[in-house]
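Next up is one chain by itself, shown in structure tokens, the form predicted on its own.
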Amino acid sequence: MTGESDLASLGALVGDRVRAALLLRLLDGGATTASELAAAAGASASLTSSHLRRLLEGGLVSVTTSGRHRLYRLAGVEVAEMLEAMQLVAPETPVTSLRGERSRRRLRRARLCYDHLAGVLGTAVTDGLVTRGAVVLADGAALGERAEEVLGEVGLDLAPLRARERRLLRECTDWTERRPHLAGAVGAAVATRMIDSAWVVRRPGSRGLDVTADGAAGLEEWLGLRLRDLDGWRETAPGLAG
């Protein structure tokens, strides 16, 4: 015995296409029913139940009960970070339809990476915070001199974030953009504020996000972001910012 971590058992858990699909569906950080997960994975209810049991036993997901429903989620941010890192080296799945290609482009454009923003939107928001002096990315992420002022403009208070045990700021390498987006307590707070303010809306059955017209205007006013000028910002759904 080497005393090293048992990567083989972890690889066996993730290395099944249905289980991988379930984990990716849960990468938005939310709690989801088994039936919703089955639909996302394209699997039967019984097969999904069997795979969820394996993931529970392996410690990659957790489950809570709400009324008559059992709600599944990733076991923690560490699992989400592992999955995001694996996506950096995993080959892309082949796309065989226009619908699939459009779905891929929309996922690249804006999505949740557990509880923070990712994709073109996530990296652009990070760049905007750096430009305005709220965040510094150098040998890791840190608060900039204008953090209190800039984050306060959208109603974010750093005091309660500092009081949490969770790391305040962290760089997370974006698997589609191949450069950092903001994670940690501040990254999560920015994403939550944008969702609560209806600047972005979740796409049903996906971790993908759509930016609303109010969100596009708000981002331009707050961070100087013009979404239409961003590389990869294409094919927006009607009524939403493109």
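The first residue of the sequence shown is number 1, and the count goes up from there. Since this is a predicted model, take the numbers as computed values, not measurements.
Beyond the structure shown, there is the form predicted together with the DNA, which is absent from this document and is the topic of what follows.
Participant: Which one, 206 to 214, 188 to 196, 170 to 178, 64 to 72, holds residues whose non-hydrogen atoms are within 4.5 Å of the DNA in the model of the complex?
Facilitator: Residues of 64 to 72 come within 4.5 Å of the partner.
Participant: Answer for residue 21 alone: is it within 4.5 Å of the DNA in the model of the complex, judged on heavy atom distances?
Facilitator: Contact with the DNA, no.
Participant: With a cut-off of 4.5 Å between heavy atoms, is residue 39 one of the residues that contacts the DNA in the model of the complex?
Facilitator: No, residue 39 stays farther than 4.5 Å from the DNA in the model of the complex.
Participant: I'd like to know whether residue 17 contacts the DNA in the model of the complex, with contact meaning heavy atoms within 4.5 angstroms.
Facilitator: Within the cut-off, so yes.
Participant: Does at least one non-hydrogen atom of residue 34 fall within 4.5 angstroms of the DNA in the model of the complex?
Facilitator: Residue 34: contacts the DNA in the model of the complex.
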